[in-house]
Structures are given as structure tokens and as C-alpha cells.
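For reference, the chain that follows is the form predicted alone, supplied as C-alpha cells.
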């Protein structure tokens, strides 16, 4: 699109998404899409998923569930193509070319990679996992991405992408832009137990949860341990439920704070007020999801159309690469 900077964003297919995914990524995606200054591509990173789990038995179903949540959150596939990484063979071809331009020593110095291996307790690192940032560079540069929205913890990956683009251009001629990092403060919405929100920890509110399920889950949310009963003064700044109010009920934030600190607002009432606001927020998501679930053929068409559009761009980029490298 003329005069629009290109952005590629993606997620590994893990199935249904939760409020943490909204706060941490989807909210920003929708804002960038609707902001008018960017051309967005959205990648279902099914090859990336193999770097930590080689079992592919659920990957197709998980991909469809994730796309349903993207669409329900407001991603417009006519404006922002949605596609599967595995269906665009050029991703792997460009990854191979880029892998010749970087040393294993450089990849091993990547601090983000070291932290992920430690946090995920992966054990011995696979060749594919070590090369994860190179595949990520191929994903971005295949669409000649110019901007990469990232948090500070991902800046090292963007730098590797910039280095690879620079090295390719120096060796073969100008083909790729050096994408700039768009430093974005991604919100961290904790789970119902105060830990990182995760389906595996059973502490997540899903974007597709019906109202009664949201209410049921919110009743289990942890609160200030010193506020045992109504009348006890609370400390909203350390209370998980108050964090949810700040995100989904900002108009009543001051009122909730005063009620908690004075003890006039009990924790059960506070939780149910938060649940009510979360349900109001999620209602348009549920409606859009229901529409797409009732028309599975439409979801297939969205993926096919997105993959056609992505493939056309990817094919042209690889043609530029082959020409620059004097291949074929």
C-alpha cells in the first residue's frame, strides 16, 4: 500500500486466546490497523511452534481457534491479510539464505534466547531453536517489513534482523530495508492467581468465555491477603482485581479505590463488578466469533485469500533475492 509502512506481526498457534493476549498484543495490532499509517500482515507462526514442541497433532485446530479470536478482536482480514507460515514456502527458502549470513556464535550471544531456554526449561537447544531469530528475520523481511513493534525484551531479535538485512545488502545489493523497532509498552495482565496468565496454569479468562464462566472464574481471583472481610481496609495497588478494574473499568477506578481502602467495598462485590465490566467488554468479541463459527467456509476463504496475497508479495521478494544473488 502506497505511503504506508509495512508491519508483520504473528503468534504461535496455541488455541483459544485470553485477556493477556489482548492486552499484550492484539490491542496494539487493532490500533495499528485502524491508525491508518501502516500496512499489516498477520502470521500464524506454525513453524515457529515446532521450536519448542514438535507434536503437530493439534496445530491445525489450534491455528483455527487462534484466527477466530483474532477476527473476534477486530482484525479485518480484508485490510490485514491473515495467513499460515507453513503455507508460504518462501519463508523457509529465505530462512535458508539468511542462515548463511550469520554465525552460530552470534546466535548464541542472543540474551533473549538464553532467557527463554532458561524460563521454558528446554534442556539441550535444538538447531531450529537456535535459529529461531533467523526465521523471524525471514518472516519480517520477506514482506520487506519496515517497522517491528516490540517490547524491550525483544530488541535483540530486531537487531539480528537489521544485521542480516545489512549483510545481505552489502554482499548482493540493496533488496531489504533495515526495519526499525517500534518500542511498544505491552501491558502485562496477570492471571487470576497473580501469576502470568496462561491456559496451562488454569488462571486465564478466555476471549471466548461466556458470561457465566467469566463470573465463575472471577470469584476465584486472589485479592489483598490482609483484606479478609468487608469492613477491612484494603490495598488496591497490590490487588489483582483492582488491576482488572484499571484495564476494563477505568471510569470507576477512583470509586473502587476509595471503597477498597475504606473497607466499604467487599471483595466479592468488587470481583463481580469487575466481571460485569469484562463481560461488557467481551460481548462484541463473542458476537463476532459466533458469526465466524457459524460459517466455517468463510474462515477457510479468509485463510486462502490471505495466503494468496502473502504469497504474491513473498514470491516477488524471492525473485528480487534470486536476481541480486544471480541465481537462476
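Every value quoted in this text rests on a predicted model; they were computed, and no experiment measured them. Positions refer to the first chain, counted from 1.
This protein has a second form, the form predicted together with a small molecule, left out of what is shown; the following refers to that one.
- With a 4.5 Å cutoff on heavy atoms, residue 11 counts as touching the small molecule in the model of the complex.
- In the model of the complex, the small molecule sits within 4.5 Å of a heavy atom belonging to residue 150.
- The small molecule is not drawn, but in the model of the complex it has a heavy atom within 4.5 Å of residue 132.
- Residue 43 belongs to the set of residues with a heavy atom inside 4.5 Å of the small molecule in the model of the complex.
- Figure note: of the listed segments 30-38, 44-52, 260-268, 296-304, the one touching the small molecule in the model of the complex, with heavy atoms no more than 4.5 Å away, is 44-52.
- The single contact residue among 154, 215, 169, 86, judged by any heavy atom lying within 4.5 Å of the small molecule in the model of the complex, is 154.
- For the options 72, 80, 136, 203, the residue carrying a heavy atom within 4.5 angstroms of the small molecule in the model of the complex is 136.
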